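To begin, one chain is listed below as structure tokens, in the form predicted on its own.
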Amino acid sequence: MKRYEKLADQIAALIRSGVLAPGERVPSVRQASRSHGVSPSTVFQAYYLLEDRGLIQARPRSGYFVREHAQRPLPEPDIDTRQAETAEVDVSELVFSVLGSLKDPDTVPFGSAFPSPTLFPLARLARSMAQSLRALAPQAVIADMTEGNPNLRRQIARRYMASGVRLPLDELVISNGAMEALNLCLQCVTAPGDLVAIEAPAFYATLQVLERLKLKAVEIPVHPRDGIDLDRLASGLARLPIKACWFMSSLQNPLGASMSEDKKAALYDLLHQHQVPLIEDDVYAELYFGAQPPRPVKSFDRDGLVMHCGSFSKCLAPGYRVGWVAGGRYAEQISRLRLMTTISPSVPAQAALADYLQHGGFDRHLRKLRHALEAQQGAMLASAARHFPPGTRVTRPAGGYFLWFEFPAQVDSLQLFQLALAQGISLAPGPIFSATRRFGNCARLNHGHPWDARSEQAMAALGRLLAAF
């Protein structure tokens, strides 16, 4: 990173931690230059970058100030403390009705599961595809179907090293996106009728997978900031024959919660004690806002109990459908099961991603993407504070592109979904994130699309609908 980028990240960390509060003046260029030992030019560049991220703003003849992301900050949602019980899963029809709302390109995509494709380097990826196909040896077209592209596996393993995980290449299984990896992991360690511990709220695709495999859910509450409730999980493991856990330890969807390193270590120790495998869904790992990547639970794994799943779909190339799993002790079983079902992800797509990771400037792209998502999060938070009714609560994730809203108790988010859709606005209502249809007054909104007047108008329209309940 360049010097001005490091300085910008240091100041951004002070803003996120609350040391520099909304509306507060940041150090003058002269002060910052002296205290950080850099030139005024470097400070200006850092402040311009922070402006682009939406964190500070210049006021004529007054200097730079921390942006008022929310003129009346909305409080954090409450954690659901109800006791975890087993539940049959039946949410697919509801989920498909929500997903169907996204087909119209004129709909404001607050309900989408992806960031805007305009944030991805699609042209550069196309060049990588062309270059890698020209260089692809004929025999590799067949060989890479079983093992996966060797260069891609090496590039993924190097990124694991950066997060503190030394990963043997033979533990990596390339898959058709993370969803196939997650499905394969679950199939390896469960049978129909088994109990699986999941988050509450949980990503709706988790529920659909359990429904398809005829598995029962044990919902474990998630704190909107700190992640999974370990006491409730310990109680569930002691009372119930749970066969696997499927959790997001960082930037959990839909809440955006991230567990601390100490809590991740404690989670691993608890599962190790009961010898219950963890399927760690970590598809948002690259979308953190701070200077350091979050450390996965996989980094604490001593005996292959964690199956760590990742993907390029949320940070680089959604349509390429390339994901992976670091399968631990289950790697060979996962690989064989994949060969029995889909055989292989696209070999050309794997080669293209390998070329891009090696030559295309992936980290530069990620920095730009993170900055855009952080600025857009600030814009949505500020808009919600302006337009949503008193009693509204919202999460403040340290990354990703989702906000979870808890509305006043009288709001029915399924009805809100229908009313909003009639006005050309999609959202993801709370009940699709629960096996027991909880969170009826909650919704997930996506801020992963560039913020514009249309976005602001949609938030104002949602505010009017909410006020009418």
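So that there is no doubt, residue numbering starts at 1 and follows the sequence shown. Everything quoted here is computed from the prediction, not taken from an experiment.
The discussion below concerns the form predicted together with a further copy of the same chain, not included here.
- a further copy of the same chain in the predicted complex is approached by residue 212, whose closest heavy atom lies within 4.5 angstroms of it.
- Within this chain, residue 321 lines the site of a further copy of the same chain in the predicted complex, having a heavy atom no more than 4.5 Å away.
- Taking non-hydrogen atoms only, residue 162 never approaches a further copy of the same chain to within 4.5 angstroms in the predicted complex.
- A residue is said to contact a partner when one of its heavy atoms sits within 4.5 Å of a partner heavy atom; residue 343 meets this definition for a further copy of the same chain in the predicted complex.
- By the 4.5 Å heavy atom rule, the three marked residues 133, 179 and 348 all count as contacting a further copy of the same chain in the predicted complex.
- Remark: of stretches 257 to 265, 295 to 303, 228 to 236, 107 to 115, the one touching a further copy of the same chain in the predicted complex is 107 to 115 (heavy atom within 4.5 Å).
- Contact with a further copy of the same chain in the predicted complex, judged by any heavy atom within 4.5 Å, is made by just one of 383, 183, 395, 155: 183.
- Scanning 122, 79, 366, 291 against a further copy of the same chain in the predicted complex with a 4.5 Å heavy atom cut-off leaves one residue, 122.
- Using a 4.5 Å cut-off on any heavy atom, the one residue of 184 to 207 that reaches a further copy of the same chain in the predicted complex is 187.
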